[in-house]
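As structure tokens, one chain now follows by itself in the form predicted alone.
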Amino acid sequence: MPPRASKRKTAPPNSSSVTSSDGRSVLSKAKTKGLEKIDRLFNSYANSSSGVIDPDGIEALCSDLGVDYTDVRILMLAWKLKAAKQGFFTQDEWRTGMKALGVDSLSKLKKALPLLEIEVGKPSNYEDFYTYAFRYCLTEEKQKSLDIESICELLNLVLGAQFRPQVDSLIEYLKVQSDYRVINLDQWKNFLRFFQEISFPDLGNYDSCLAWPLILDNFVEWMKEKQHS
């Protein structure tokens, strides 16, 4: 006869460590699989020679997303990726952004864009995005300012929907004035503060004695002359 089995159940050795190890293993596999999907999406747009998504790749991505290349949401995507160079996404930047968005496919990225707009619109994020937009357009080494034409395009893209009358007037002024050929970051930041704080079009609460850059003093003076002509 075979020996009678013991009624006492014995736990498998080191069961807790096995479970923990298995859990880590499953989690690790899931992360690896998710990263593979993110990389596969990246590679479908990346230049095979340079290993980055270049302007042609971004244009193809825009086409698949159904958005224009100049859509502000593409700039928002660049902000989320923390892209350092205009018109280019590296694989590390892509991984960082896609993980933050919880995205690993084109369909998920399409659905994420409206949520990204909401995220950027939060006061805690908007100023950072606005500053990023300026820096993203600095394409030359040690470049610290943008030409008037670029600034007008950027104003329209970033602030046009929110401050249309102010943007139209400032763009008109920038195009006719001859004192400034470029705009620096401090002036750029003050454009946003001006739009947020100053009543428009009467400009009644604008005080030139406060710490506004001279270009805005000139803009206000130009506006008032225009209103009274």
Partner chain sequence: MGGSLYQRIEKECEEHISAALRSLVGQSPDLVVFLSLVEKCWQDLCDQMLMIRGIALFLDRTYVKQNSNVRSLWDMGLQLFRKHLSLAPEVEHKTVTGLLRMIESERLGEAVDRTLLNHLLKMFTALGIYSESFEKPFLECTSEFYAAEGMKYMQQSDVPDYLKHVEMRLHEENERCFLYLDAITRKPLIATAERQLLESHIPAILDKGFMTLMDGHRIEDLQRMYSLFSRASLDSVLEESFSKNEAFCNTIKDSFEHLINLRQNRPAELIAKFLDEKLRAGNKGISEEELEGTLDKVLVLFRFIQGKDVFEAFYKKDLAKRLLLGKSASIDAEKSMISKLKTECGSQFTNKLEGMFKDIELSKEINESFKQSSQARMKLPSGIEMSVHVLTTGYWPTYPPMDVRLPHELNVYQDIFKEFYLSKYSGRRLMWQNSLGHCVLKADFPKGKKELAVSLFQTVVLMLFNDAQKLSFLDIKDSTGIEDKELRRTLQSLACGKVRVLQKFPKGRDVEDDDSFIFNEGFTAPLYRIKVNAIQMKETVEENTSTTERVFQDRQYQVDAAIVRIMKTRKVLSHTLLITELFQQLKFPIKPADLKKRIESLIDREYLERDKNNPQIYNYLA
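Numbering follows the first chain given and starts at 1. On a predicted model such as this, the values are computed, not experimentally measured, just so you know.
Keep in mind that the form predicted in complex with its partner chain is not shown, yet the notes after this line are about it.
Novice: By the heavy atom within 4.5 Å rule, which residue out of D68, D202, D186, E36 makes contact with its partner chain in the predicted complex?
Specialist: Spelling it out, the residue with a heavy atom inside the cut-off is D186.
Novice: Would you please decide whether W212 lies within 4.5 angstroms of its partner chain in the predicted complex, comparing each non-hydrogen atom pair?
Specialist: W212: yes, in contact with its partner chain in the predicted complex.
Novice: Does any part of K122 reach within 4.5 Å of its partner chain in the predicted complex? Heavy atoms only, please.
Specialist: No, K122 stays farther than 4.5 Å from its partner chain in the predicted complex.
Novice: Although the partner isn't part of this model, could you tell me whether N43 comes within 4.5 Å of its partner chain in the predicted complex, counting any heavy atom of the residue?
Specialist: Contact with its partner chain, no.
Novice: Looking at the partner-bound form in the predicted complex, is N190 within 4.5 Å of its partner chain by any heavy atom?
Specialist: It does: once its partner chain is placed as it appears in the predicted complex, N190 has a heavy atom within 4.5 Å of it.
Novice: So, N47, D54 and K111: all three within 4.5 Å of its partner chain in the predicted complex by heavy atoms, or not?
Specialist: Zero of three within 4.5 Å in the predicted complex.
Novice: Do any residues of 120-156 have a non-hydrogen atom within 4.5 angstroms of its partner chain in the predicted complex? If so, which ones, in sequence order?
Specialist: Only K144 sits within 4.5 Å of the partner.
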